[in-house]
Every structure is written in structure tokens, then in C-alpha cells.
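Presented below, as C-alpha cells, is a lone chain in the form predicted on its own.
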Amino acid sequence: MTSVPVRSIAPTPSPLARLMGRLPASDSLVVWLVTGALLILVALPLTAMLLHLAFPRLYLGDFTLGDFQLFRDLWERRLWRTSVTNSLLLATGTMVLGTIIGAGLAWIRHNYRFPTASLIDFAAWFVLVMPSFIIAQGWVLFSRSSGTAAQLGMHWVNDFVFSLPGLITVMALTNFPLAYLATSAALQWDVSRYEQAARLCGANAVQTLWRVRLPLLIPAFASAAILVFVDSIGDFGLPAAFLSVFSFPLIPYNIRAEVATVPVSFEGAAVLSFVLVSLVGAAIALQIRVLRNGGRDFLTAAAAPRNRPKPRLWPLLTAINLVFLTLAIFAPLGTSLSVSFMDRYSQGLTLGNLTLNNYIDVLSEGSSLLPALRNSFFIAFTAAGISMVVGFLAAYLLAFSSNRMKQFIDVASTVTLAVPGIVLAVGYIFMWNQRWLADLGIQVYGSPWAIILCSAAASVPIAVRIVLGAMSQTPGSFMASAALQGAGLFTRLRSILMPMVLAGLLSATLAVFATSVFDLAITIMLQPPGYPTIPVIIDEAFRTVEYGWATAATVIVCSLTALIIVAARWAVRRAFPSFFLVSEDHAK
């Protein structure tokens, strides 16, 4: 009897399985997703801005080459020339004074032990996360002719603050945290063995300081100075707040004026944006050159934190610290808080002038704050979600992949850190305000999605760098071992990387959320008509001298944002306690 061979019949794959089979491998899919997202968020808007320099009528679909006359007008138009000169003077002065303040505080903090020393760290982080336009509004209220300073008898403050040296001082007190944090990283380590070796070789105290100590700190000082310069020259909040009292043309506000006044001049905004980006790029190139030529890798395995003795003059250091904290925090922000409880700003902080009417008006039915709060929180939550997903996947590729697109992802996920928000917003106008996009039914410009995408693009570097720091501590062998056991990419991301980096990912998301709520530069450039947002209505109320309403709205929004951040951290830690235990154990 002959046996009949039985032929096995392979099951017919489902349509979904066939579709999945045609997709690229998981790593390649992630690469293309991240590359596409960074192209849309970062690369295309910045490219559109550069193209408008060569083709001024590109937004109309006209590729006629421009004559670059506006570049020649840069020094012929008095307002443009003045704004460039003022921006350079303000940024350079702030760089010098801010670096002196930040480095001086870091020196005191890491060389001496005295009461209230830890408050310097609190002040640095507090000022760093506060929007610059809110701090600037506080300084305007403090320094006006009928402000808090005048009521305390310091009438000279008005003349001083509303001048170039005063603006430099205000900007330095706002940006000193960048210099403080940059120099603290270098000053916290004990390098006395190098100084002792120099003294054994016959060097005196001055020679040791000049030839040993200071050269080791040059990279940190250079980084601090450049960070302060870059943040100062691209800041939009200070000129927006001071404009109602003191006319001091600066590049960022003139970019806004070119696209907000009639006739609209996109070409003028592109030229000024190019000038601003060029100045920032030159500063960063200088920083990179200094760091590359520094070569001062002086820390070894024997490095230890500096021992901080308690000096005899500790009461003097404590007094200096308290005076500084009063000047940097309580003068502007304390003034804003007190004004929110005043019936009339001009009558000062007296018992008969105290009222809760400003808060009642802000929270009453029909107030513009409530729809603005809903819109701004929607924008901030969505932007934080987008930047979290893009940042997480980009950080994974940078840490564990060797794909050839890695270099592009690295550059694209960092470049917006050096591009001022006002310039990025101009790029979004040029990219999404195209006639052919409208013909295709794509209406991003003029909708909240323009603000969301631009805010996410500005926040991607924050998300990537925070998450990358956590991922870089995870051995690649963990991912390789899981892959050998048959775990797919998304299983590895969910079960290995996510527990390791959840704490950092949560911090990055909440930082992006808080930043997006108060981003005045991006919001004021891209806000659709009839779509109120928090930073714009507060800025408008301030410029129309509704100080009580503006300060009360600021206090309420800041309190709500802080409450959301605390509640989110508590909820996530409670929902995933083992993930945070993994992160803490891994950090040890």
C-alpha cells in the first residue's frame, strides 16, 4: 500500500499581516518617523525662512529671485540700524554683568559655608523657570514714577531702570542663573592639589591664581558668558514689557513689528531674523572654538567635592545673599503680587487700598482669562505630548542606533536650542502661509496647530537632552539581551527603557508644559484671530495699564500651572511606583 504524501497548507495571511509585512523593520520605522517629525517641526520652517531671503514672494508661489536690497537697507533704515546696535549693546552688557553675578555667586556658594547659602540654588532655578516677560513686568511696576520704589523714597530708580544701564541690570538679574549653573559645575570640585603643587614649585598666591586656577575655569566662564549673550539677544519678553514705558528698539520686537503692522513685510522679518540667527551662530561658534581649544580635563578618579569652611565674615556673606535675593526676586515678583491686591496702583500698598476685586474680575463669568486658560493649557498639553514622543524616540536612536540618519537627528533635535522663539515663529509663518497648501486644504497657519507645532519644535531639545541623559546610563547589553530572547523593539522600549527613564521623561514633559503655557514670542506671532491665549491677554492688559487685572491673572495662572505639575508628578509616581524605584536604584 503506497502512502500518499500529505502536503502542508500554509495559512493564508490576513490583510493586516500582509500590510505589516510590507512595512520596514522596527528600527527603520522609528528612524523614518523621527526624521519625518524633525523635518516638519524644525528643518522645513528654518529652510523656508532662508528661502524667503532669496525668493521674497515665495509665499505667493513666485520663485522670482530677489535683489537683496533689504540687506543694503539694513544700515540705511534708522530703526533697523538702531535695533541692531541696541541689541548688541544690551546683550554684551548683560553678558558681562550677568557672568560676573552668576560666577560670583557660584564662587561664594562653593567655597564658603554660611546660612541661606542654599537659597542661591533656589533663586537660580526659580528665576530660570519664570517667563522673562513676567519678571520684566514686575520691574516696570517696581520702577515706574509712581511705583513701589518711588513709594519707598527711591525716586532715582525710575531714571536708572529706564536707561541702557538699567536694562542691562534688569536683564542680568534675569539671566544670571545661566552663568551660575554653568560655573557651578566647575567650581564644586576640589582642585587644591594643583595649587599646592604650584606653591611647592615656588609660585606665590597671585601666580597660582593666574596660572593655575583661572585657566582651569576658562571653559566654564566662556560657556556661561555665551549662554547669557545668546539668551539676552533673542529675548522677546523684556522689550515687550518695557515698550509701554521706555522706547528701546531691539531686533526681536522689530521682527514682530514687520509682520504685525500694515503694510506687512515678510521680507523685512526674514532679514532681521537672519541677522539675529547670524549673531547667535557666531556666539555659539566662538564657544565651540574655546571649548575645543581648552583641553582642560583636570578631573580624575580622585576628584571630590570642595570642602566649604565657615568663614569669619559669614554674617557679611549672609547679608549680601539676602540683599541679592530681595533684588532679584522680591523686587519684581513681590511688586506684582502686591499690585494684584491693590484697588488703585498709584495709591500704593496701604490698608485702605487692599481689595480682592482684581481676582473677582479675572474669575468672573465673561472674563477673557477662562477661554484663554482653556486654549493655552490645550496647546501646552499637546505640545508636551508631541515633544515627549519625538524626544523619547530621538533619544533612543541617538543612544542605541548606528543608523546613517543619526547625525541629522542629532543636529535637528538640537538646533532650535540656539534659535530664538521669535525667529522660529517667523519660519512657521513662511512655511505654512503658502498658497499651494491652502489649495490642498491644509490650513495650519491661522489655527492653534501652528502654535502647538512651533512650541513642540522649540521644546524638542529639552526633551531629547533630559531623556538622553537618563538613557546614556542604560547599558546597551540590556536591549541586546532582550532582542536575543525575541522581544520586539516596542516591547524593549516599553519594558526596559521606559522604567529606566520615566522620571526624566516626566520631568521633561512637565518642563515643556510649563514653558509652553507662558511662551509669549511664539504665541503672539502665531495666535489665530479670536483665539485668546494666556501670555497674549496678560501682555495686552499690561500694555493697556490694567495692572491689577494683569498681575492677578499672572498669579492665578502660575498657581494653577504649579498645581498641575505637582499633581502630575504625584499621580505618575503613585501609578508607576516600581518605575521610579528602578530609576532611583539605577541612579545609585
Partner chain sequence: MQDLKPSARLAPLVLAISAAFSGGTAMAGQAIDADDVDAGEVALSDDVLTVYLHDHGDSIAARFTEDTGIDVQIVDMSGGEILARIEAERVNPQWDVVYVMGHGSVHRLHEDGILLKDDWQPEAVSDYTEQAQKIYERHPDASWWPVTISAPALLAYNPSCEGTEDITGWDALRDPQFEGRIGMPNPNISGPAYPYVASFFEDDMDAGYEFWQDVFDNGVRMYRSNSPVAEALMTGELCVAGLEEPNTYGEVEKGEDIGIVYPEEGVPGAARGVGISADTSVRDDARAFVEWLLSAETQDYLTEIEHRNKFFQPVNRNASPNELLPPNDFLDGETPYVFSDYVWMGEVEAEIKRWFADQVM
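Given the structure is predicted, the values throughout are model-derived calculations rather than measurements. Residue numbers count along the first chain shown, from 1.
This protein has a second form, the form predicted together with the partner chain, left out of what is shown; the following refers to that one.
Peer 1: Quick one: does Thr261 come within 4.5 Å of the partner chain in the predicted complex, counting heavy atoms only?
Peer 2: Yes, Thr261 lies within 4.5 Å of the partner chain in the predicted complex.
Peer 1: Using the partner position in the predicted complex, report whether Val444 sits within 4.5 Å of the partner chain, counting heavy atoms only.
Peer 2: Heavy-atom contact with the partner chain at 4.5 Å: present for Val444.
Peer 1: Determine whether any heavy atom of Thr561 comes within 4.5 Å of a heavy atom of the partner chain in the predicted complex, and answer yes or no.
Peer 2: Contact check for Thr561: no, nothing within 4.5 Å of the partner chain in the predicted complex.
Peer 1: Check whether Ser146 has any heavy atom within 4.5 Å of a heavy atom of the partner chain in the predicted complex, and answer yes or no.
Peer 2: Ser146: contacts the partner chain in the predicted complex.
Peer 1: Just one of Ala91, Leu424, Ala136, Val390 has a heavy atom within 4.5 angstroms of the partner chain in the predicted complex, so which one?
Peer 2: Residue within 4.5 Å of the partner: Val390.
Peer 1: Given that the partner chain is left out here, which of Ser477, Ser402, Ser278, Ser247 has a heavy atom within 4.5 Å of it in the predicted complex?
Peer 2: After the contact test, the surviving option is Ser247.
Peer 1: Judged by heavy atoms and a 4.5 Å cut-off, are Tyr194, Ala418 and Arg574 together in contact with the partner chain in the predicted complex?
Peer 2: No: no residue has a heavy atom within 4.5 Å of the partner.
Peer 1: Just one of 115-123, 447-455, 349-357, 208-216 has residues with a heavy atom within 4.5 Å of the partner chain in the predicted complex, so point it out.
Peer 2: Correct option: 447-455.
Peer 1: Could you run down 372-398 and flag each residue that has a heavy atom within 4.5 Å of the partner chain in the predicted complex?
Peer 2: Sequence-ordered list: Arg374, Asn375, Phe378, Thr382, Gly385, Ile386, Val389, Val390.
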